[in-house]
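Consider the single chain below, provided in structure tokens and representing the form predicted on its own.
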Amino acid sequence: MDDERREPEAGRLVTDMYTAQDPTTQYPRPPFPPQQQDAPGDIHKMDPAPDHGEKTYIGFGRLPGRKALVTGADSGIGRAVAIAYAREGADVALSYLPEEQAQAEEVAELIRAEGRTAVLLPGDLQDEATNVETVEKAVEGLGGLDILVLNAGTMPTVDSIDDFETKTLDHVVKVNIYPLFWMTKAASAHLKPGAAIITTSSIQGFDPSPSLAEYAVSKAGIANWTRALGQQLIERGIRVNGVAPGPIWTPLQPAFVPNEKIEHFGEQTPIGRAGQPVELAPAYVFLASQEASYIVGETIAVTGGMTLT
């Protein structure tokens, strides 16, 4: 049973993400079935079901006693990061939209199953006061703050400049950019030397698709923010770095991507498939850990072989 690991609680056999295997066939490859959802999307309505590490991520104690706040933590990359952090020994505060409560409670249950503290923090981060309140409640609930993961985002598709609307750009910037400033300012008073801030950019910030111009602009901004704040906050002993995912199978896809693109999602990568959220988690763990002590202002590409230009 070299390719399987026993799940202690359920007694079932599950494939883990550590056994050597062919990465091109490790997870589902396109074509994917047609599927559309209303934003922000529901992981339980996705086909195939995404892997956030619920059964596949195994921790090695790389974040012992750390206290982390993760935005967008109910699903997708944020969910995978929250699960991984708990299994690496961290307590985790989960920030998410109120309509995502049920999914967030699932993550909290997984965190508590590891013997770690989970703090549930619903709220819309488009509001500055909500960012401040989220940080304060996280600090109160966790007893401090060591790691801030700025991951929440939106991804509208606009095929033509003729269809551009100012309100769409305003929404993207308010969701994807403003919280970088608001939440970091609120958290800075609580972060001590050795703390880490990790952002989520995208390959779209470096190699944009024509129909994702608004999103791509915001993701390029995140990468630049990461480099600027990395230089600024390292003077306090706080490291700022980021991750740039490629095409990842999250609710953003059925919520914002048309069916004709869903069918072929991820096939343009050298690896030939979309990535799974759990495949992003190790990068966030590494950047949060002391192993990354000499990495500042960088954005790590996790793209299935696509290059950041």
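Since this is a predicted model, take the numbers as computed values, not measurements. Quick note: we count residues from 1 along the sequence shown, nothing fancier.
Keep in mind the form predicted in complex with ligand NAD is missing from the figure; the text below concerns it.
Student: Only one of L110, A220, L169, L97 comes within 4.5 Å of ligand NAD in the predicted bound form by heavy atoms, so just point that one out.
Tutor: Among L110, A220, L169, L97, a heavy atom within 4.5 Å of ligand NAD in the predicted bound form occurs only for L97.
Student: May I ask you to choose, among V278, L63, A283, L252, the residue with a heavy atom within 4.5 Å of ligand NAD in the predicted bound form?
Tutor: Answer to the contact question: L252.
Student: With the partner absent here, would L125, N151 and Y215 each sit within 4.5 Å of ligand NAD in the predicted bound form, counting heavy atoms only?
Tutor: Judged in the predicted bound form, L125, N151 and Y215 all sit within 4.5 Å of ligand NAD.
Student: V139 versus ligand NAD, in the predicted bound form: is there a non-hydrogen atom within 4.5 Å?
Tutor: No, no contact at 4.5 Å.
Student: Looking in the predicted bound form, any heavy atom of G53 within 4.5 Å of ligand NAD?
Tutor: No, G53 sits far enough from ligand NAD in the predicted bound form that none of its heavy atoms falls within 4.5 Å.
Student: Is G246 a contact residue for ligand NAD in the predicted bound form, using a 4.5 Å heavy atom cut-off?
Tutor: Answer yes; at least one heavy atom of G246 falls within 4.5 Å of ligand NAD in the predicted bound form.
Student: Using heavy atoms and a 4.5 Å limit, would one call P28 a contact residue for ligand NAD in the predicted bound form?
Tutor: Output for P28 is no: heavy atoms all beyond 4.5 Å of ligand NAD.
Student: Can you tell me which of 228 to 236, 84 to 92, 189 to 197, 69 to 77 lies within 4.5 Å of ligand NAD in the predicted bound form, counting heavy atoms only?
Tutor: Checking each option against the 4.5 Å cut-off leaves 69 to 77.
Student: Check each residue of 255 to 293 against ligand NAD in the predicted bound form and list those with a heavy atom within 4.5 Å, in sequence order.
Tutor: Just F265.
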